[in-house]
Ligand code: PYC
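Here's a solo chain for you in structure tokens, the form predicted alone.
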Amino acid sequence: MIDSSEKVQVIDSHTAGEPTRVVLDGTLKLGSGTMVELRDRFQENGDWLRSSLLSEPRGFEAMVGALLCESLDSRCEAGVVFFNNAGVLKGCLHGTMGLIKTLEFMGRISFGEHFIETPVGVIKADLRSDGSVQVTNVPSYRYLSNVELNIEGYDNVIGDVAWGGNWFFLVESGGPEISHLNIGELSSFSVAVMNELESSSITGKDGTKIDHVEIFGPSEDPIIADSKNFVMCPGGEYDRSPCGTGTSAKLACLYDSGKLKVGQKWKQAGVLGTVFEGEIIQEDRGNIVPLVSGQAWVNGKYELIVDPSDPFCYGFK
């Protein structure tokens, strides 16, 4: 909470349709440390800023925030803490792409390789001459395969549990049709899957909650993409992009099933029809190292005012 008005500088972008709001200034004094430490301090002390920036009337439920931080790692151009309408996030590849384009817009970087420290590790991002961003993600892997769920109204709901920077349940069969005209059913089905996972005590490694659901269907055009997905994020909003960490989790499952080899490309369309290109660049002790590329665009620079006399200064849902 704040005692007097705060002015917060932000730059907005979208990656394949999914928004990212980068917080530029030092409104929140988190000190120095790793991104895990800064994430935990932000979660403890900065929830007012998270809700102010991402909730109506300034934001909306699908928006992802990125707090720009200084990294203690000399390799890194910056550090970042990602957050959404439900709280802090572990990793976010669409947000990393948006951050890279934002740093370019600010004049801090140009074409070439750059390193960003995130709470899940150091990420390498290549800003390419065509304007796209190619991100080398953290090692990813399939944790459980062919998990069957009992979802009312649906038969043979089967999926995998995989890590791609976030924990995912990837539904290959039994889910609704993937279409932007079918968002309501896809959303309610995804929430039912999350609830069933929790009630059945199905988790990621070390008991970590699975907070993303990714549903797959056939591509409308096999030349444009290999499959189409719908991704439900923590907080009950769907990803407008094909989801970078979700694409990484998908690559891990394909590799573990013998359906994709190192060096092969996979084009993943999202529910809006936008596409991320994924590739496994190496195998690492049973894990895979994914490379995911996409397009992001800066679309606004603002000074937002948080005035404690405003009844909605911290936003509303």
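Sequential numbering from 1, following the sequence displayed. Bear in mind that the values here come from a model prediction, so they are computed numbers and not experimental data.
Heads up, the form predicted in complex with pyrrole-2-carboxylate isn't pictured, but that's what we're talking about next.
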| item | value |
| --- | --- |
| Residue contact check: residue 98 to pyrrole-2-carboxylate in the predicted complex, 4.5 Å heavy atom | no |
| Contact flag, residue 233 vs pyrrole-2-carboxylate in the predicted complex, heavy atom cut 4.5 Å | yes |
| In the predicted complex, residue 245 touching pyrrole-2-carboxylate (heavy atom, 4.5 Å) | yes |
| Exercise: residue 239 in contact with pyrrole-2-carboxylate in the predicted complex, heavy atom 4.5 Å | yes |
| Partner-facing stretch of 217-225, 112-120, 148-156, 89-97, counted where any non-hydrogen atom is within 4.5 angstroms of pyrrole-2-carboxylate in the predicted complex | 89-97 |
| Of 102, 166, 229, 140, the one that lies within 4.5 Å of pyrrole-2-carboxylate in the predicted complex (heavy atoms) | 166 |
| Within 4.5 Å of pyrrole-2-carboxylate in the predicted complex: residues from 1-31 (heavy atom criterion) | 18 |
